[in-house]
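In the form predicted alone, a lone chain appears below as structure tokens.
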Amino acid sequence: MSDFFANFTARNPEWLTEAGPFSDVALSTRARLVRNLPDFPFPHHASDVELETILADMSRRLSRLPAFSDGWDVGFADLEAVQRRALQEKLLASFRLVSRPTSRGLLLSRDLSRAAMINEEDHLRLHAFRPGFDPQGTLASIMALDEELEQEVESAFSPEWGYLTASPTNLGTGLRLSALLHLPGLVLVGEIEKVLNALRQLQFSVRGLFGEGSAVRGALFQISNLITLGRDEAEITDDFQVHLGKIITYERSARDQLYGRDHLGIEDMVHRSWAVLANARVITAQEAFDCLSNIRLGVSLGLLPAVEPGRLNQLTVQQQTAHLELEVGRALSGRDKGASRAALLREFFAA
């Protein structure tokens, strides 16, 4: 694992480096499949011995899959806390996995586009990531991984209920699609609550950058489907594409409306944010999130120099605490943390 964490801050999944479809609004699309073993209790009911047995067996079987054969088997219990948090900052590991590392595992494909979590809430959680808004491409990636899995692992399945899962919300296909959307236009015109309430009524969940329990920062919203029972994967994906496609359209319209209403105020906001990041000597994570959000908005409106969406995605991740600490090789206090973050951002924006 030493090879994996060597230069980790520069080791990025494709969604952090590439501009996918609708990248002015969508940072990434993720597909997750939940699978469980028929002969073991769910992780929250399993004994320590059972969890260790599942971990060892699943690590061995998953390592044989083409998706992971040349990838990384991350032994979570052997990692330092900062390394686990850095994996979460790149969205490669969940908070549950990071906070309870014992008898948990994580496998990653070589390019970090696919992941398998072992003994999280379920025995297996498979993930596939694509840049931008690409539900169909993400579905194809996760279903190809599921086909590989079926050659190695028998999953708990009921002809009546579908795939059996620890949480009833995942029962059925076990498919959860998520998109990470940047929605500053809807926030600033005061329409975001109306839109989010409409999504909730349509059985979508709305969370922050790191999913369940996380706060929204920098106008970044993670939106996921909730219904997995009684619908096949194609129906779930089509519904997801239609409704979130509308959100992307609303966001673009809100940005135009915002600029038409107060172009001077918007220009001032985005240029001030650039100036802050180009000159600050100490900056908090919240201010960095806000300034990067404003700059992303300014670039999309043509008010600032063109910056690749992937570079802004990388800065959004790299300015977070675990990445800063890995880069400098030590734990950082509040003031040192703010100074290290400012130096990272200043190096890019001052240039």
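If you're wondering where the values come from, they're calculated on a predicted model, not measured in any experiment. Residue numbers run from 1 along the displayed sequence.
Omitted here: the form predicted in complex with a further copy of the same chain. The next part is about that form.
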item: 4.5 Å heavy atom contact with a further copy of the same chain in the predicted bound form for all of Asp262, Glu267 and Ala275; value: yes
item: Proximity to a further copy of the same chain in the predicted bound form (heavy atom, within 4.5 Å), stretch among 36-44, 49-57, 282-290, 307-315; value: 282-290
item: Arg100 within 4.5 Å of a further copy of the same chain in the predicted bound form, heavy atoms; value: no
item: Contact label in the predicted bound form: Arg252 to a further copy of the same chain, heavy atom within 4.5 Å; value: no
item: Contact test in the predicted bound form: His271 vs a further copy of the same chain, heavy atoms, 4.5 Å; value: yes
item: a further copy of the same chain contact in the predicted bound form: Arg335, any heavy atom under 4.5 Å; value: yes
